[in-house]
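One chain comes next, on its own, written as structure tokens: the form predicted on its own.
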């Protein structure tokens, strides 16, 4: 994919600022959990290793905290105003990761074993639930009318996120999913929380509904661009960068954008792909786990031949353009708009 014109070298600094400002409050919130949930959560966040020793593992891209702080600045507030929103959104995001890893059977995240693999399924469920509860405590802690507004947005985004996960699981055993259905699912599963992150700091800073809704629209389109790129990486990503196995989404029978776009196309490759995926949907997981690398490679090649890869790359760029356009609907300070645009650039050109 060609790199967008607005890529900004300041993005790493924005991400680091998000981590630095949110980290103390995030650690404090996690520290409230009863043992052993506090240490299991600390392992998930990369703060300790499986034996409880301090670690400095990859803790994620920190896009959502960065967005929450920029959102506050878009409303003319100090970035610190967005910290409760940054922490709350990060807690909800990680609640979903803990549960998703268990439901999907993923054994690796961020280049190390997932929580359910190390500490067992029960702990993955409990800690995920606990992080969700903490998110609500954190966002309501300021006790202001704006905090209540922010909490309502967070609750709505969380429900949509769960809706999206339910749709994603249901699609795995369906023979056919439309592009529109896939975009709706991804808008829920990924777009909703990024939309919340992009507006929650502004709401905490007293923004009016017009500004909050434009920032939310920016985040919604950004989330769809993010997921389109994630879908590409889920099939063709380098495991050394993604931390996941080769063909990871194909192994899970995910009806991601490249897959559904390829099936929607016409021609021999689309027909052969559809025949294979129809047969796959009827197999047990044990039968599917016996597939060798060549069988996944065949499916990936058919998706590409049918045009699914090119279409998804184009969709990522279309969603990027829509996200940037949303920033011009309202009066956002120029430097803040530039940084939000730079974050969108980063999402579209990332490799992991």
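What you see is a predicted model; the values in this text were computed from it and never measured. Residue numbers count along the first chain shown, from 1.
The next section is about a form of this same protein that is not shown, the form predicted in complex with another copy of the chain.
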property: Option touching another copy of the chain, based on a heavy atom within 4.5 Å in the predicted complex, out of 162, 78, 179, 276; result: 162
property: Of 253, 245, 152, 112, the one that lies within 4.5 Å of another copy of the chain in the predicted complex (heavy atoms); result: 152
property: Option from 260-268, 94-102, 67-75, 277-285 whose residues, in the predicted complex, bring a heavy atom within 4.5 Å of another copy of the chain; result: 94-102
property: All of 220, 342 and 349 with a heavy atom within 4.5 Å of another copy of the chain in the predicted complex; result: no
property: Interface membership of residue 241, another copy of the chain in the predicted complex, 4.5 Å heavy atom rule; result: no
property: 4.5 Å heavy atom contact, residue 116 and another copy of the chain in the predicted complex; result: no
property: Touches another copy of the chain in the predicted complex: residue 318 (any heavy atom, 4.5 Å); result: no
property: Proximity of residue 32 to another copy of the chain in the predicted complex, heavy atoms at 4.5 Å; result: yes
property: Those residues of 241-279 which, in the predicted complex, come within 4.5 Å of another copy of the chain by heavy atom; result: none
